[in-house]
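So this first bit is one chain, no partners, the form predicted alone, shown in structure tokens.
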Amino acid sequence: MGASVSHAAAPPPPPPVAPPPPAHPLGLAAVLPPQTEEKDGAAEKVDYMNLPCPVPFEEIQREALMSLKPELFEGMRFDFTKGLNQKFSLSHSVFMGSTEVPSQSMKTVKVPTAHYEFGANYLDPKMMLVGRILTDGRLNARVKWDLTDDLTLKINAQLTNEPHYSQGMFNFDYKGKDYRSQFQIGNNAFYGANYIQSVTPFLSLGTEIFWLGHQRKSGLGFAGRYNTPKWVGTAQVASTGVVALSYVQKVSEKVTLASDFMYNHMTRDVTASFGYDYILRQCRLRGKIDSSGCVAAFLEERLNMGVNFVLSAEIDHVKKDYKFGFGLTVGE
């Protein structure tokens, strides 16, 4: 008996397998990004008809000033604020320390001083009235009145017993959709105006002009501000010969670093400073050091609800001037 042989058809051969891609792409594939990344990285179109409103011209360096210009003082200070209702409050302030007297020598001359200050505040969504009177006869007053949603009137006045030292200023601020303008009128025949315009979502440019009639002086200035969520840079130049630059870097939600540079062409003075602003849970620490050898620090410690302890220190190594102050603030 012979063996039986199967005459079934053989299975088809497997389909050809594509060769694996090379480990390192060749040609343009090595330098061109993937198509998906190209779509994600495409720049968004800027709607120049809906630009944000810039900051006021006079506050163009507000972030830098917050870190580099704390309210330093020398001596002891006590501030108390008592709210009578939701809109009206009274304040009391006592200060004992020393003030610097102008001197032609390099040595700093200090005179002991002390004064009491009484204040009254009225705060309303449309109007703000602030008044301060000191025991030496000085009176300070501020008014902010929103005439419309876009037009605001500001009045600042300082009255003294000394002749020719009283000052007054009227400001009319107009807030547009993507610009701000201001007109100023003051004593001594002072007239001024400024305008700032958003050019891009981050860049704003502005200009200002003033005329001081009693001294027959005028000036013209230009400014620019570039603002991003992480840093702010500003530049200002004026016909008076002053050039000012500032840069603020937001390291984190609690830490901010700032620096500024100022050059005066008339006096050939150059100053630069570097500062920091550190916000903790219960305190805020600010400090700076400048090119003249002056080091300063300002600490605000929250002891309890409505109670803050303040420390202020400043050392000028060149003039050998040392200042230290402490204070207590009660009330909000």
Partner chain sequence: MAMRGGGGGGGKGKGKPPAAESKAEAAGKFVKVWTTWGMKKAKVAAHWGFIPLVIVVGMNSEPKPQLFQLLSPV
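What you see is a predicted model; the values in this text were computed from it and never measured. Residue numbers count along the first chain shown, from 1.
Only in words, not in the display: the form predicted together with the partner chain, which the text now covers.
K.L.:
Answer with yes or no whether Arg132 is in contact with the partner chain in the predicted complex, where contact means some heavy atom within 4.5 Å.
P.N.:
Arg132: contacts the partner chain in the predicted complex.
K.L.:
Taking heavy atoms and a 4.5 Å cut-off, does Pro112 contact the partner chain in the predicted complex?
P.N.:
Result no; Pro112 lies far from the partner chain in the predicted complex.
K.L.:
Answer for Leu139 alone: is it within 4.5 Å of the partner chain in the predicted complex, judged on heavy atom distances?
P.N.:
Leu139: yes, in contact with the partner chain in the predicted complex.
K.L.:
Hey, in the predicted complex, does Val251 get a heavy atom within 4.5 angstroms of the partner chain?
P.N.:
Val251: no, not in contact with the partner chain in the predicted complex.
K.L.:
Of the listed stretches (219 to 227, 158 to 166, 258 to 266, 70 to 78), which one has a non-hydrogen atom within 4.5 Å of the partner chain in the predicted complex?
P.N.:
Looking at the partner contacts, the answer comes out as 158 to 166.
K.L.:
Could you work out which of Leu147, Val143, Leu205, Val237 is the residue within 4.5 angstroms of the partner chain in the predicted complex, going by heavy atoms?
P.N.:
Among Leu147, Val143, Leu205, Val237, a heavy atom within 4.5 Å of the partner chain in the predicted complex occurs only for Val143.
K.L.:
Of the residues Ala120, Leu212, Leu151, Ala193, which one places a heavy atom within 4.5 Å of the partner chain in the predicted complex?
P.N.:
Going through each option in turn, the one that passes is Ala120.
K.L.:
Do any residues of 177 to 192 have a non-hydrogen atom within 4.5 angstroms of the partner chain in the predicted complex? If so, which ones, in sequence order?
P.N.:
Going through 177 to 192 in order - heavy atoms within 4.5 Å of the partner chain in the predicted complex - the hits are Ile185, Gly186, Asn187, Asn188, Tyr191.
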